[in-house]
Every structure is written in structure tokens, then in C-alpha cells.
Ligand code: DGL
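Just the one chain here, the form predicted alone, laid out as C-alpha cells.
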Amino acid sequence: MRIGVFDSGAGGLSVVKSLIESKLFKEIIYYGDTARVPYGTKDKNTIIRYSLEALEFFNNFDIDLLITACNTVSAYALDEMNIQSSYPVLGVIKSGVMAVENHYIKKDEPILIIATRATISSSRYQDALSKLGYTNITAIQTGLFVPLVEEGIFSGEILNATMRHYFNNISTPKAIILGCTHFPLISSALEDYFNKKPMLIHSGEAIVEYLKEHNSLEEIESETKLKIFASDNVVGLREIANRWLFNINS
């Protein structure tokens, strides 16, 4: 299969990393709307408009499936994208919720959702978990993590201060849903803050798990090809990809 991955910026590369490691796909076409990142501060109509414009970009490629790695897009624009698309468009919220079930989190155990303002305001995660019977859900918007990750700040005092700001009154949860594709890049810092006790639910790992469960996919022998495009500064995005995905310093 040839698939597309769409994100508001560089964060979706964390999902791409999981997809590459799964060895399920012949080729991945990645598009980051770096000119307009972040989406998490935008209103619903703007998010939908930007997402449909991204869909037009992918119409230039013969893809079998599109994954909207951006949780904000998954929360607000997934239905509209599927109406306009000739191929399936999958979001990451449904798979993230499925991952909570698959990891046998008890219904009364504390679950923390961290995401952008738009994703939290949509209540998509909260509603889906509540419908499954989970009763101890805390959802907070942690949008300041996004520019820190975009700046390559994955540890250190600035990030630690930001975590103290957000989590000062939060008890250690059983699981943390990383409701933004940028957040897996600060997984180590989050684990250290909570003394490595919570399970982290990662959009990339969750979507791979979902695809394996709902699609008849087999591992391929050849390496997955990756093509990267952006609405602005594609060279910068490709340099980030080299560092994040392949540990190449450029």
C-alpha cells in the first residue's frame, strides 16, 4: 500500500516513525502544513478548510489511504474529508481510545488526556472514553508543548517548568493519552516527571495497532520509501525528519 500522512506541522513525523517501523507500507507521502502550524489554536471552520485544502494536495498522488496524524484535524474535519475523498481517511482519536481498551486500563483508573485547546474543546476523547464506561478522566490543554517541540526542545528546564505549570495539581494517572503528535517527542520527559508510572498512549503506535486489527496487512520485505512535502520550508522539515526518524545530524 501507498499511504498519505497529513499533519499541521512536524509533529506527525512521530506517527510516520511508527508506520515505518511497522513495515506494512511500500511508500509514505507526508505533508506538513508548516506555513499554518499550529492548528490547535484555530476555530473549527478554519481547521476544516485547511484540512480540505490538504486533501487537494494528496489528490496529486495515487494513495490507498490517508491518515490524519493531527488530533485536531481528527477531531473536527474527519467526516468532511471522507466525504470529499475517493480513498479512506483515518484519524488517530479512535485508535487512541482503542489502545486504552487494549491495554486493559480499568474503568475507574485515572486517565489523563493532554492535547491542544481545540482537541480538548472538541471532547472527542472524553466522550468516546465515557461511552466505554471510563469514569476517571482528566483532560487538559497543553498547547505550549507544541512550539517547544517545533523548536527541538525535548528536555531541560524550559520544558520542566512548562510541565510543572500544567501538572502541578495533577495526581499521577494510570495512563496518559498523548493527544497531539508532537507529544511523543517529549515522552522521556513526561515519564521522568511522573516517575515512569503512567502508561503513555502514543498516536503512532495506536494507529499501527488499529490498522493491524482492522485491515489485512502483512509486513513487506523492502524498506518503506518516504517522501516529505510541506506548505513552507520543506528543507527544514526534511532536516527534522532526518534527526527524528533516522538520527542523522544535518
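Just count from 1 along the sequence shown to find any residue number. Quick caveat, the model's predicted, so the values are computed rather than measured.
What comes next is about the form predicted in complex with the ligand, which does not appear here.
> Using a 4.5 Å heavy atom cut-off, which stretch among 49 to 57, 35 to 43, 209 to 217, 185 to 193 contacts the ligand in the model of the complex?
Replying inline: Result of the contact check: 35 to 43.
>> Whether I177 contacts the ligand in the model of the complex should be assessed with a 4.5 Å heavy atom distance threshold; does it?
In response: No, I177 stays farther than 4.5 Å from the ligand in the model of the complex.
> Wondering, does T116 line up within 4.5 Å of the ligand in the model of the complex on heavy atoms?
Replying inline: Contact with the ligand, yes.
>> Test of understanding: in the model of the complex, would A77 fall inside 4.5 Å of the ligand by heavy atoms?
In response: Outside the cut-off, so no.
> Hey, in the model of the complex, is V146 touching the ligand, heavy atoms inside 4.5 Å?
Replying inline: Contact check for V146: yes, within 4.5 Å of the ligand in the model of the complex.
> Does anything in 71 to 109 come within 4.5 Å of the ligand in the model of the complex by heavy atoms, and if so which residues, in order?
Replying inline: N71, T72, in sequence order.
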